[in-house]
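What follows is one chain in structure tokens, specifically the form predicted on its own.
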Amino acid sequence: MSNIKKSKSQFQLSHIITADGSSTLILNGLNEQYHSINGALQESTVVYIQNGLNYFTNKNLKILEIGFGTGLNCLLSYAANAEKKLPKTIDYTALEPFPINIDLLNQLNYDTLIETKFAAEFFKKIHQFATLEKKEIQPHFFLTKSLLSIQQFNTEEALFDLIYFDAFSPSIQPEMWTLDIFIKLFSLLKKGGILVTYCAKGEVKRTLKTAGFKIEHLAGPPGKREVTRAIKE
């Protein structure tokens, strides 16, 4: 995370509204956003919910998110699960070494756009702590939120069904898109588990394949032709 750590000291974050009316943050001076300017809500829904969460049906899930950021993927996961009205439990682990300050979080408008019951309360709760202690945010939704990077995160078991890989782009954060990282993520997935990411660069897909994943090329959200799903067969 050294590149981003350096950027945090040299660049400020600003709040902007994307094309679908939802918020994102931009790293001033780096031309890098937390989400697509063509629509933050649309992008996260397609990449992480439609291609990730909805891949599994009627199954309790253990999810690992690399790059918690604004918390949008976590909020959408709660909303999607709650709207199905199934007693499916989500056990969500989020890694974010560089949490966003409260002033910027208060500018984000996701809780006003997502009409799921308790969405606003849920969004507030998920930003109130960063600890390895697991917390039940709402019934059937547990969150473990950590300041560790994926390089620091260790477990001896293949724990997860689903990985949301939402690091900054390879040009900004190249150390997150290496073979060593993807081999580690492969080891953290259960058999049949998947990794989903917005990035569809050829080099990234080749590296995922070398790490052992089967690659699927899926249609992307507005402004992005393709996104990636990687499966541990």
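Nothing here was measured: the structure is a model prediction, and the numbers come from that model. Note that residue numbering follows the sequence shown and begins at 1.
The next section is about a form of this same protein that is not shown, the form predicted in complex with a small molecule.
- No residue of the trio 52, 193 and 230 has any heavy atom within 4.5 Å of the small molecule in the predicted bound form.
- Screening 109, 151, 89, 144 for any heavy atom within 4.5 Å of the small molecule in the predicted bound form leaves a single hit, 151.
- With the partner omitted from this view, the residue of 60, 173, 28, 38 that lies near the small molecule in the predicted bound form is 173 [heavy atom within 4.5 Å].
- Picking from 183-191, 66-74, 52-60, 204-212 the stretch near the small molecule in the predicted bound form, with a 4.5 Å limit on heavy atoms, gives 66-74.
- Looking at residue 33, you'd find a heavy atom of it within 4.5 angstroms of the small molecule in the predicted bound form.
- Shown alone here, residue 98 lies within 4.5 Å of the small molecule in the predicted bound form, counting heavy atoms only.
- The closest non-hydrogen atom of residue 167 lies within 4.5 Å of the small molecule in the predicted bound form.
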